[in-house]
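One chain follows as C-alpha cells, the form predicted on its own.
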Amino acid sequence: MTYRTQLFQYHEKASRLTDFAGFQMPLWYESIVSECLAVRNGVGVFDISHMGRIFITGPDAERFLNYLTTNNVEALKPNHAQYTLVCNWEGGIKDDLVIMKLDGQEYLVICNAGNRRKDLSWLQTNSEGYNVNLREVSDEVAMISIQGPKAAHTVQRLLEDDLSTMVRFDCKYVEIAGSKCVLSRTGYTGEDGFEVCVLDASISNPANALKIWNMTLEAGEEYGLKPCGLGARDVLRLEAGMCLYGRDITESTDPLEARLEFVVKFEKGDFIGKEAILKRKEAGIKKRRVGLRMVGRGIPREMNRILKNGEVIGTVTSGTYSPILNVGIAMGYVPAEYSDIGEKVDIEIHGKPIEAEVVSFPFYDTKLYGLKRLQ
C-alpha cells in the first residue's frame, strides 16, 4: 500500500514523485542541484510528514525513555530536544530519533518514516512496568522543515514569538495561522533550520498543513526559497556527514563503529543495549564509518566496494555528487587501521578502481557553509 502525506495535493501538481518507505514523496521540484544550492545559500522547505511522531506522557516518561534510548534523557530541560539512538539487546541500532521535552511529563518523539510501526511496537513492548501513555499521531500531525541561513528570517514572518531566543535544539509550542504547532530549531541538512509539527492537520483534513506550507513559500520568496524534495535532502545530509537509517546505520550497526558515541551515555545508568556495546568497546573497535572524497573522476553509489591495494576492505553505504564541492562524496565502513584522515583508498565504480581519500565530516568548509558559519 502506498501512503500519502498531508501535503500530497501540492506535491502532485508541482513535483516529480518517488516512492520512499511506502510513501509517495517529492523527489525534486525544479532540480536536485538547484534545491541543494537554495538551502546552502538561502532557504528551502521540505515536507517531512512521512516521519513518525509519538507523544509519550506520564509520571514515568523520563525514566522510560532513559532506559529505551542511549542519550541521557534526564539531562533534557523543558523546551529542549536531543538526538539519540534506540538499540536492540545486542547493541545494534534500531533507529535514530529526536526526543523533544515539552514539559516535565510530556515528550514528543520523532522517528524515521520506515521505522514508524517497528518503533511503536518496540516502545509498547518495553513499556510494561512504567506509568506512561504512548500516542502515535503521525497521521494527525503534519511536519514541515525550513532549512538554510535564511530559515530564521523566513520562520520569523510566520509567527509573533521572538525566535532570537531559540538556540539549536530548543523547542516549544507556538501558534501559526491559528494552528497549534510544536516548533524546534532542528534539521537534517547541516544548516540552521526549524521543523514545524502542525498538530491539527490530519491526512483526511490537511487544510492547516497546506495553509502553513503556502505561507512558508510566500515568507521565504524574498530569500530565494525553493520547495525541496527527497533528492536534495539526501545530498544535503550526506554533505553534512549525517547517517541515513537503512543505509548507513541498521540493526546490525554498532553505534561506536558508526561514530555516534557522542549520544551513547554509559555513565547515565542502565539502558537497552548498553552491556553489548560496552563489551565491544572493551574488545576494541574493529571498523569505522568514514567520509570519502573522490580524488579521481567518478560518482560513488551505495554498495560500491572500497579497496586497498586491490583487496576489498569495505562497502559504500551512501554516495552522491556534491553540488557545492563539485566532486563525488561517500560514506562507508572500513577497518579501523584504514580510517585515519588522509588515508588513500579506491572505490570500485563501474568495475574500475578510482582513487578516494578519507576526510572528516562534514565534507564542506564550515567557514562557508553550514550552521557554524552563523554562530
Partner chain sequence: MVKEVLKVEEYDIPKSLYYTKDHEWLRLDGENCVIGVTDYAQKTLHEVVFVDLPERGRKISKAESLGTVESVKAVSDYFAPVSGEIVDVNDILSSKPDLINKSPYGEGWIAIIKPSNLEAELKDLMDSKGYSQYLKSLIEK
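Positions refer to the first chain, counted from 1. All values derive from a computational prediction rather than experimental measurement.
FYI, the form predicted together with its partner chain isn't displayed, but the following is about it.
Visitor: Name the stretch: of 90 to 98, 295 to 303, 132 to 140, 77 to 85, exactly one has residues whose heavy atoms fall within 4.5 Å of its partner chain in the predicted bound form.
Guide: Going through the listed ranges, the match is 295 to 303.
Visitor: Any of the heavy atoms of L27 lying within 4.5 Å of its partner chain in the predicted bound form?
Guide: Within the cut-off, so yes.
Visitor: Answer for D234 alone: is it within 4.5 Å of its partner chain in the predicted bound form, judged on heavy atom distances?
Guide: Yes, D234 lies within 4.5 Å of its partner chain in the predicted bound form.
Visitor: Does I32 reach its partner chain in the predicted bound form, with heavy atoms at most 4.5 Å apart?
Guide: Taking the distances in the predicted bound form, the answer for I32 is yes, it comes within 4.5 Å of its partner chain.
Visitor: Any chance Y321 has a heavy atom within 4.5 Å of its partner chain in the predicted bound form?
Guide: Heavy-atom contact with its partner chain at 4.5 Å: present for Y321.
Visitor: Could you list the residues in 339 to 367 that come within 4.5 Å of its partner chain in the predicted bound form, counting only heavy atoms and keeping sequence order?
Guide: Counting only heavy atoms within 4.5 Å of its partner chain in the predicted bound form, the contacting residues of 339 to 367 are H350, K352.
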